[in-house]
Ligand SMILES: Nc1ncnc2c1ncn2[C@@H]1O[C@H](COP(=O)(O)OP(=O)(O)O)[C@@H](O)[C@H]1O
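Coming up is one lone chain in structure tokens, specifically the form predicted on its own.
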């Protein structure tokens, strides 16, 4: 479904990603790990079109999208849950969701599946995003991507800064989305327990290079010590 082949991505003159390649099959969940500054968020932004690679190729469903505008990638079925949630604080929960629907040209009616996954949001529809708790904002950020009915979901640190009970809830929701919607997921995540529970394969970035990949069973303590511990 997604094939990233040898991309080089820059911020100005800073060379962030170096010949990075990664694949995600339909319905598969792959996790990207790495120390702070390794290039994980840049990889996701390269896939969404927020930051265009200078070299390499990105394919989705067999078609090259390397130069495609980000909103057109969304309409093709790629949705993004950004780090820090990026909820529009002055809009209500409903308005945040409706805006996401407009972005893919769908009706403004919020599908029932959102409230099946996030029942707490049903009672918060008229509340502004800026007054929600961190856990509620993260639920809204995932719901905002889910209403677009993605075939590929990119998630950047969805459990960051959340208390353990909320982490467990988000973890189960991620698993459900992957299994119940046949949605491929590329997950950037720091919590190893979450990664080992939800992902099928992993890739580790270090200073913009892929340094380790494999099935999740190969994410051993030795690999963690070598590539992830500070």
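Not measured: the values here are computed from a predicted model. Numbering follows the first chain given and starts at 1.
The following text describes the form predicted in complex with the named molecule, which does not appear among the structures shown.
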Completion exercise
Within 4.5 Å of the named molecule in the model of the complex, heavy atom basis, the matching stretch of 28-36, 162-170, 178-186, 61-69 is 28-36
Practice task
Could you confirm whether residue 201 comes within 4.5 Å of the named molecule in the model of the complex, counting heavy atoms only?
Solution key: no
Practice task
Answer yes if any heavy atom of residue 20 is within 4.5 Å of a heavy atom of the named molecule in the model of the complex; otherwise answer no.
Solution key: no
Practice task
Evaluate residue 46 for contact with the named molecule in the model of the complex, applying a 4.5 angstroms cut-off between non-hydrogen atoms, and reply yes or no.
Solution key: no
Handout entry: is_contact(residue 210, the named molecule) in the model of the complex, heavy atom dist at most 4.5 Å
Key = no
Completion exercise
Within 157-180, the residues having any heavy atom within 4.5 Å of the named molecule in the model of the complex are none
